[in-house]
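A single chain comes next, written as structure tokens; it is the form predicted alone.
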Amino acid sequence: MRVGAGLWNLQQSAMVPRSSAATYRGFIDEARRLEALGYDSLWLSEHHFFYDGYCPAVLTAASAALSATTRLRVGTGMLLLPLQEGERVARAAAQLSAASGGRFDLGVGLGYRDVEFDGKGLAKKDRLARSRTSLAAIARVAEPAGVTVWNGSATPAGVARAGARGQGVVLSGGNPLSLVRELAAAHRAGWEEAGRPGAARPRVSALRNVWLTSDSAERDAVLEYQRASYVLYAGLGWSVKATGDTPEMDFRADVDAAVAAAVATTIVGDRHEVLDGLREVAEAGVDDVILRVMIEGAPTPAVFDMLGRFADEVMPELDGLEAA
């Protein structure tokens, strides 16, 4: 199991007020620190027209992190593909891969916020068609240049399409384990039914809310950070449809229930508790984990202190952990 961290979104919120310049300078330093701790990857997130400066240009931010590091992979989780010009994304991804020695991962998603499509003068109903056109450009230009492509989706049909293309998926940190299990199975089925393109099964990566601590006060604080981070999703309008054993999570219709369900996914505790939780994630079909630790209100020094403990105490135990 490979371990990354995210999601960096370069926000300047009321809980963590900083100037844009300080935020982006800090991001470069944090990329270097993450690499020094031995993590495999760093992941960025994109949104547009949000009040707190949420990063609208993840390729530019990714290039800065790649230029400041030598081993760390940098991925977009996700670049909102229908809002972009596909040929430009494909060329930029190929250039980033070439300049970084193949360390750039392109994660793409459909987007879901009406304001983002309206602000770009695009019809949300066209997002799937636009994405397909852009994915064709990526397949033609970026993938032959060595770019690893990941897809973001919370539906079995979406992840199955990614599997059929031989591409990996990155699953949301708010997904209950039951949904993770169903999506991982759909992804594998899509790959198998398409004739196993690429020969090697594309990987399933999942953001998970993880925090290593033996301190009860820190545990309580972390759960509050998680709660605050998911309250933001009400403003973003995020929702997940009911799938199989997993009920709907709608941050617009029932904020309290959706936030509670998302916070309940948190793996928090000592080394043994965290390892047990990650084994369950692997048994659900997940190959790689992205620790969702850059969350609303969590002080950066506390985040990196925890990341250091995790690297020392947990990562050595994950080398032989494989998806079921």
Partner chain sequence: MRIHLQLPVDDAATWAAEADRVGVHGVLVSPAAGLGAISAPPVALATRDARVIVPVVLGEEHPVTLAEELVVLDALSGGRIVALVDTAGLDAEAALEDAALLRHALSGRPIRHRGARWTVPAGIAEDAPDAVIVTPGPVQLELPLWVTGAAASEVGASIGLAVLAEDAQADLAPRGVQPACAALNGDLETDRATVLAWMAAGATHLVLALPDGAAPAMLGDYLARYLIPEAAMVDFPRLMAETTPPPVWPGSLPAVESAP
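Numbering follows the first chain given and starts at 1. Just so it is clear, the structure is predicted and the values come from calculations on it, not from any experiment.
The protein also exists as the form predicted in complex with the partner chain; that form is not presented, and the subsequent description refers to it.
Note on contacts: among Ala92, Val240, Leu177, Val149, the single residue with a heavy atom within 4.5 Å of the partner chain in the predicted complex is Ala92. Between the partner chain and the residues Gly101, Gly195, Pro144, Gly119, the one pair within 4.5 Å by heavy atoms in the predicted complex involves Gly119. Heavy atoms within 4.5 Å of the partner chain in the predicted complex belong, among the stretches 46 to 54, 264 to 272, 33 to 41, 285 to 293, to residues of 46 to 54. Looking at Ala123, you'd find a heavy atom of it within 4.5 angstroms of the partner chain in the predicted complex. Taking the partner from elsewhere, Ala260 is found to have every heavy atom lying beyond 4.5 Å of the partner chain in the predicted complex. Taking the partner from the other structure, the partner chain in the predicted complex has no heavy atom within 4.5 Å of any heavy atom of Ser97. Contact annotation: Ala164 falls outside 4.5 Å of the partner chain in the predicted complex, judged by heavy atom distances. Within 4.5 angstroms of the partner chain in the predicted complex, the stretch 60 to 91 places a non-hydrogen atom from each of Thr60, Ala61, Ser63, Ala64, Ser67, Ala68, Leu83, Gln84, Glu85, Arg88, Arg91, taken in sequence order.
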